Each structure stands twice: as structure tokens, then as C-alpha cells.
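Just the one chain here, laid out as C-alpha cells, in the form predicted on its own.
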């Protein structure tokens, strides 16, 4: 079976590795992929904005399934475009992808369907936003409405910080933004909750806790994610029922009333306070680094799950998980999430010897003449599974120490809430 994975991050590498373990014989192409996917698939350099070129490659190579990893092509309508040519694609269409593409779209659904979330206001210009801010209590959360690669969120403790956020967003730091969102700050602990759906059935797809801030102690700027652990320490049967009944199911019903069928992963970023869930945001794909954390614990054939989603037979699949704890630690280029040097060689990467239940997924890497170079902010995801989080983390720390890469850094406290 010929498969295409669209994307170049560690999420896509982990999906590629899972599909490579499938019982079905597969040939995998990654568009464009990275130095890690190159070892288990064929990387193809194609501009992800050029849907026509992608379609031509898919038809020419008789691709039977396309998996879209990142959010931007989903929001831009790649699923809608490819399905016009009877190409089987895993992922939501552009209307469904508005759940991530527009935070305001999601907030308006929350308001109409009484989905628990932070109180909010929508503002179309700087002066409107600043008038509201001056009358508000701090802290406040200010968000770009559009896609911002996980970085367009500001937690502001005073008017000065809020003004910086408003200026950044309306001055185009995260692309064209004609609106922004100002929310009340929710106290509690964050949790990532995942489902997969074919538009008819919904299946649980694990929980995790992501560490977004660049500095230890969850301080500093927001990033795409510095590490994660799975499952979340917060999940329990009562909480899960509340998440489904108060948040997930009403959202799917709301989309249905708009004539939108949702197909693919849906990731709810939640704040949990006293065992009550509040929706922070939706992502319309697997998270990164949560995907790298979760997929190694999956026992069921991932390809069978994807195909069932596309064929609307997900109800016939029993998704099974290993009873192990999983941790992922991301190694980043020095300077991330601000300016960082590119094309820095990772000299010792070939010396990493992974043991059982240990994984290394590439993100911002490229291969040239048998050497591996860092070309992105988030570079490598080290993952380990164990009976407990402490031993899993110990194995990762050993591997990162062996990497001994002077061009990178990582957070040493990933999973600190579940490790004594």
C-alpha cells in the first residue's frame, strides 16, 4: 500500500514510524519529511502550499492514503482539494478545521452550546482592545485569532505586557490578524485530551500533559512544546465523562448542525479545576510533542485505524494501549523560540543507541553527506516508555547526555508533577 504523510516535524516522524510497523506491507512517502523519516520512508521535496503539485505526485505514484500532519494545510483546505480527485485523506476538511484556524469560531460555539470555557471578548483593533484592557483585572490571556504555531498566546500580568501582546498580534507577528481574543485567566492544571472520529463514531486516543513554556518551572515564552508525558495524572472516569458530555459531544453536534462532518484527530486543550474541565482551545490534528509521547504506547495497528476513519468503520476497531508510562523531552536549538542558528551539525547523533521502548524522533533536521544538521527550532524528540515516569525520564536523560550537543538545550523538569 502506498502512503503519503504530509509534514516535516517529529509528529510526522512518529506517525511514519508507527505506520512502518503495520502488518500491511507499505511504501511510505514523506512530503517533505526530515532526516529521521529518510531512514524509513522516501522524502519528497514539495512546497506544502502547492496543492496541485501534491495532487500530481499522489496520482502519479498511485497513493492509496494521505495523512495530513500539520494544521496549516488542513485549515487551507488540502483535504477538500484532494477529495475532489477521489483521493483518500485522513484529516478534517477546511470547515471543520476552523476549530483550530479561528479561536473565535470555537469560542462562539462554546457560547451557543454552553461549553465550559474562559469568559472572553473579541476585538477588531488596537484601540478597542486597549480600552477593554484598561478596565480589566489581571492576569489576562490575549490570543491571535489565526494560526500561530502554538506561539500566539500571551499571559499578561499588567497593562504594559498586554499592550505588547496587542501590538504584536495586530502588527502581523503571527500573520494577518484582523481580530484578537481576550480571555479571563483560568486557574488549574492543563491536560491534553485526544479523540479520533470518522464522523459517526468517537474513540478515545489518550491523554497527555504538554509543557509549553521554554523555561523550567513552566516559565518564559510559549513554544510549540518542550516535552510531554502520557497519560495525564488528572484523568479519571468521572472527569472523562464530563469532558465527553460537556465539551467533545456538544462540539461535534454543533458542527453537525452546520452541516460539517468531522473526520480525524481532535485534540482538546483543557484546564482542569477541582475535577471540572474547561476548554482552552482545540487543535484539529495530533499535538507535537504529545503525538511522539502517545503513539509508542499504541498496540493497535495505526494504519487500520486511519483506514477505518476514512471508510467510516471506526466502530469496528478496538483501540488497545500498552499499560506503560511515556515521557518525551524535546531538544531545541539554542535561542529558540527566538532567533537561533541554522545548519548546525549534530555530531554525536549516530552514537545514540536506543534500548527497548526508547525512541528518537526528528523534527528540524536535514541530512547531507551522511551528517545530520539542525535547521529548525525544535530539533529532536527523545521518548521513553517504562512502568514509571522516573525510570522513563532517567533513560532519556542518559541518551541526551550521550548526544552531548553543544548547539542545543532542553528542559530538565519535564514531567515534574508526576516525578518525585
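Model, not experiment: these values are computed from the prediction. Positions refer to the first chain, counted from 1.
If you look for the form predicted together with ligand AMP, you will not find it shown, but the lines that follow are about it.
Colleague: Just one stretch in 230 to 238, 75 to 83, 311 to 319, 275 to 283 has heavy atoms within 4.5 Å of ligand AMP in the predicted bound form, so which one is it?
Modeller: The contacting stretch here is 275 to 283.
Colleague: Is every one of 4, 55 and 64 in contact with ligand AMP in the predicted bound form, taking contact as a heavy atom within 4.5 Å?
Modeller: Answer is no for this spot.
Colleague: Name the single residue among 164, 155, 324, 130 that comes within 4.5 Å of ligand AMP in the predicted bound form, judging by heavy atoms.
Modeller: Flagged contact: 155.
Colleague: Within 4.5 Å of ligand AMP in the predicted bound form, heavy atoms considered, which of 222, 93, 102, 297?
Modeller: Result of the distance check: 222.
Colleague: Given that ligand AMP is not shown alongside this chain, does residue 186 nevertheless sit within 4.5 Å of it in the predicted bound form, heavy atom to heavy atom?
Modeller: Answer yes; at least one heavy atom of residue 186 falls within 4.5 Å of ligand AMP in the predicted bound form.
Colleague: Counting only non-hydrogen atoms and a 4.5 angstroms cut-off, does residue 141 reach ligand AMP in the predicted bound form?
Modeller: Because a heavy atom of residue 141 falls inside 4.5 Å of ligand AMP in the predicted bound form, the answer is yes.
Colleague: With the cut-off set at 4.5 Å between non-hydrogen atoms, does residue 212 touch ligand AMP in the predicted bound form?
Modeller: Residue 212: yes, in contact with ligand AMP in the predicted bound form.
Colleague: Taking the shortest heavy atom distance, is residue 118 within 4.5 Å of ligand AMP in the predicted bound form?
Modeller: Although ligand AMP is absent here, residue 118 would touch it in the predicted bound form, with heavy atoms inside 4.5 Å.
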